[in-house]
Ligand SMILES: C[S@@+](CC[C@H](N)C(=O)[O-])C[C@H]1O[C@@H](n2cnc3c(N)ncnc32)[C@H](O)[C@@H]1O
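This document opens with one chain alone, in structure tokens, the form predicted alone.
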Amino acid sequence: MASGAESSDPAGAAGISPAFRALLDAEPLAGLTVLDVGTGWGRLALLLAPRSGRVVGVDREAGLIEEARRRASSAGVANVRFVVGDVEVEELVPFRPDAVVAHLCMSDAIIERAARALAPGRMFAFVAFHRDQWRETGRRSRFAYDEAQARRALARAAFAVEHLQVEREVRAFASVEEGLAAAGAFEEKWKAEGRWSRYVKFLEEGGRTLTRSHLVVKARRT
């Protein structure tokens, strides 16, 4: 992110789904402890800090946690704490959260741990990859959900769904070159995952789209 953009938007909120932000804005968080799992460099945590009692951001990448701490210090945010931890294997109960949020960091294990950490009536809200995310690569993400899967996982963990929607953006291209350029930032990662060659084949066979698709959810512990 350019320094100018960072100074005007220290939380990087522009990268967070407007629908997700609206769901969180509707939740009374004053005085509550909010746990942001998979916080990365703290984008969501820093966005929520001004209207929460306390925010704890957890991520397994120590480098990202250091960056989150730097951003919090630079922005003068004092009620947020960033911790190195793996939410896929560690319980959330010790953080004693009143609400759990996550942005593009979701799994059945996280849903189950959130349920154990939250009291009845408390909120769990997240953005997850939808099954159609990068569908042109011919490979579904291991952590992607469709609507029915998300509802089943939440029901098993004793969450009642209050809001569930799919946000989908399909970019269209006039040529193979445009399609490759649009995905250029992902080339190295997609090659490692076996996606790149499938995407190239899709374009060469006449495909001219690239899909981003996310699931936006707000649920409450029963």
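Since the structure is predicted, the reported quantities are computational estimates derived from the model, not experimental observations. Heads up: residue numbers just count along the shown sequence, starting at 1.
Another form, the form predicted in complex with the ligand, is not on view; read the next lines as being about it.
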97-105, 73-81, 147-155, 114-122: which one contacts the ligand in the predicted complex at 4.5 Å, heavy atom to heavy atom? 97-105
Selected contact from Glu61, Glu178, Glu167, Glu162, since only one has a non-hydrogen atom within 4.5 angstroms of the ligand in the predicted complex: Glu61
Should Val87 be classed as touching the ligand in the predicted complex when contacts are defined as heavy atoms within 4.5 Å? yes
Members of 139-160 lying within 4.5 angstroms of the ligand, judged by heavy atom, in the predicted complex: Arg142, Phe143
